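Below: one protein chain in two forms, given as structure tokens, structure 1 then structure 2.
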Structure 1
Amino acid sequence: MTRYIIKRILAMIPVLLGISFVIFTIMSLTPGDPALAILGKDATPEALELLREDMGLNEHFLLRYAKYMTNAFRGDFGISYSTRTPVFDEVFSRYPNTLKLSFFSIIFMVVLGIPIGIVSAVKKYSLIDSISMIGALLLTSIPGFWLGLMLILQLSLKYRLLPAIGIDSWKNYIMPCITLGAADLAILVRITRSNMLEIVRQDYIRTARAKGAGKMRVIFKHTLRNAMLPIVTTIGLCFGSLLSGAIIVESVFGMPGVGTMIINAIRAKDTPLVMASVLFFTIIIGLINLIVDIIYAIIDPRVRSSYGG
């Protein structure tokens, strides 16, 4: 198992290189001049050229990419073009807010999604099942930004129950978490229901019932446990989508997270800030996938034996 974990961590290096190269290339080809954004339209051509030379913008983008990645592997992610402060400080001052939003959204999704999926499977074709499936279909179809705006209109402006912007208290996270986790909640409900129904048809479930196992024991020990692998996979994949979806949600609710920082950095063509943010996103998603694989081994001993553990 340890050898497998080391291999997975090492396999992240080419992924990071590939993603970083694509992002750096896109940022280099997009129109805009960071020097002009920093000095303003009133800057003289001499001042602009001097700043470009100082920032290394006159070098070929492949050379700039090689220098950036060399420094990044040493822990130096450069200086932000916009704020002229270390990128590392900029990113890590906002990352906790984005991770907290994604984590709370995962909790919201799991706490509601798995129980609703279980009940839908147990009460197949009942009124509860129909309502759950219709609700899941609606949540999947609703755009996140529209749902967020509707929540602000109703819960903040009309009834004044929750704050619309900021991160001053736990109440500020309620609407963003609902907005961010709604679509993935619907996916989790459907995945849980379909896998529960598939497992329930297996021979060992009929055997457990024939031996006199109680209904709750059959549902939670035999059925749910064997249906957990695809559910865990879905949760891991959803965490990655939540991190990317946080960009829109943070903009809607005015949250000072990495999402809003990336949008502002792209507008200013702040390549070091964009690169560092994307690389950290990639690392976190890779670690989440590794954790999912480890949970696989905990849930299913057959997976653990295939790792050599």
Structure 2
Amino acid sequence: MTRYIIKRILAMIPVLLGISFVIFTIMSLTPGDPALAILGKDATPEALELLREDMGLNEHFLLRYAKYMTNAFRGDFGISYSTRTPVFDEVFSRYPNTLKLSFFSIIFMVVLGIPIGIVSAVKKYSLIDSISMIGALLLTSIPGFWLGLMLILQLSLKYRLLPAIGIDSWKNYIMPCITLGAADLAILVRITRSNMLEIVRQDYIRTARAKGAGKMRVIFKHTLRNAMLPIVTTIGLCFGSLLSGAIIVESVFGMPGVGTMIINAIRAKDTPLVMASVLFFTIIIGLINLIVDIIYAIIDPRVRSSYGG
């Protein structure tokens, strides 16, 4: 198992190299001039040339890429073109907020999604099932920013229960988490329900029932555990979509996360900032996938034995 984990982590290096090269190439080859973005439209050509020279923009892009990667491996991610501050500081002051938001949203999804899915499956075609299925359909159809604004209007402006902006207390995270997690929550409910229903039809469930196992035991021990694999995969995949969905949610709720930073960085052709953010994203997603695989092994003995541990 440990060997497998190490192997997986090492396998991330070529992925990171590949992604970094692609991003760097795109940033370099798309038209645009970071110097112009910094100095503004009224800048004189001399000032622009001076700044380009100063930022090393006149060198060949392969040379710049090589330099960038060498420094990056030493932990120096360069100076942001647009803010002139070290990229590392900029990115790490914001990533925790985005991760916190995504993590809380996952918890919100799991805590609500799986039980609702189970209840829906157990009470198939009942009123509860209908409510949750219609609810799920609505949640997937509602655009995030709209839901966010509606929540703010009601909970913040009308009833004054929760603050609309900022990240100062745990209360600030409630509405963003609901907004961010809503669409994925709906997916999770449906996945849980359909997988539970599929497993329930299996012979071994009938056997368990025939042998006199209690209802709860059948649901949790025999059905849910076997239905868990696709559910865990879905949660892992959702994490990726949550990170990208955070871009909108962060700007609606005025949260200083990484989403808005990336958008601005791309607009300003701020290669160092874009690179560091994307690389970090890649690492996070890679790690999440690894965690999902490890959880597989924990849940399913067949997977565990295939790792040779």
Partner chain sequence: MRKKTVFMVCFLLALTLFTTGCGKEKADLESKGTETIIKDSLVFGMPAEVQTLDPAKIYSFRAWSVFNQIYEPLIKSCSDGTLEPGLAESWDISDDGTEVVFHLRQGVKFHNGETMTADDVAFSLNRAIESPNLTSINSAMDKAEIIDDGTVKLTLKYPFSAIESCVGHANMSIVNKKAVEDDPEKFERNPVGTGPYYLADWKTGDKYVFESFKDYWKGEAEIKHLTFKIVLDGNTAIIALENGEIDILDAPPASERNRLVNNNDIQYHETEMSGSFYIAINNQRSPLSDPKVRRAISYGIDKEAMMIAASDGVGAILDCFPAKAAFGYPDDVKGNPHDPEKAKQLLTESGYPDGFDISIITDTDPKYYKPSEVLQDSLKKIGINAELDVVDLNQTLIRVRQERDFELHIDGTSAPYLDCNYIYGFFHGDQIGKGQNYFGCDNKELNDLLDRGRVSQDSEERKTIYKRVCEIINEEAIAIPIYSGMQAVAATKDLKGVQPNPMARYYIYDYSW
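Numbers given to residues start at 1 and step along the sequence of structure 1. These numbers come from a predicted model, not from an experiment. The term rigid core refers to the maximal set of C-alpha atoms that superpose within 1.5 Å between the two forms.
Asker: Specify the structure that is the form predicted in complex with the partner chain; exactly one of the two qualifies.
Answerer: Form predicted in complex with the partner chain: structure 2.
Asker: Rigid-part split between structures 1 and 2: do Met69 and Phe104 share a side?
Answerer: Two-body split between structures 1 and 2; Met69 and Phe104 on opposite sides.
Asker: Treating the chain as two rigid parts, how many degrees does the smaller one rotate relative to the bigger one between structures 1 and 2?
Answerer: So the smaller rigid part is rotated by 15 degrees.
Asker: Rigid core superposed, I'd like the Cα shift of Lys7 between structures 1 and 2 in Å.
Answerer: Displacement of the C-alpha, rigid core superposed: 3.3 Å.
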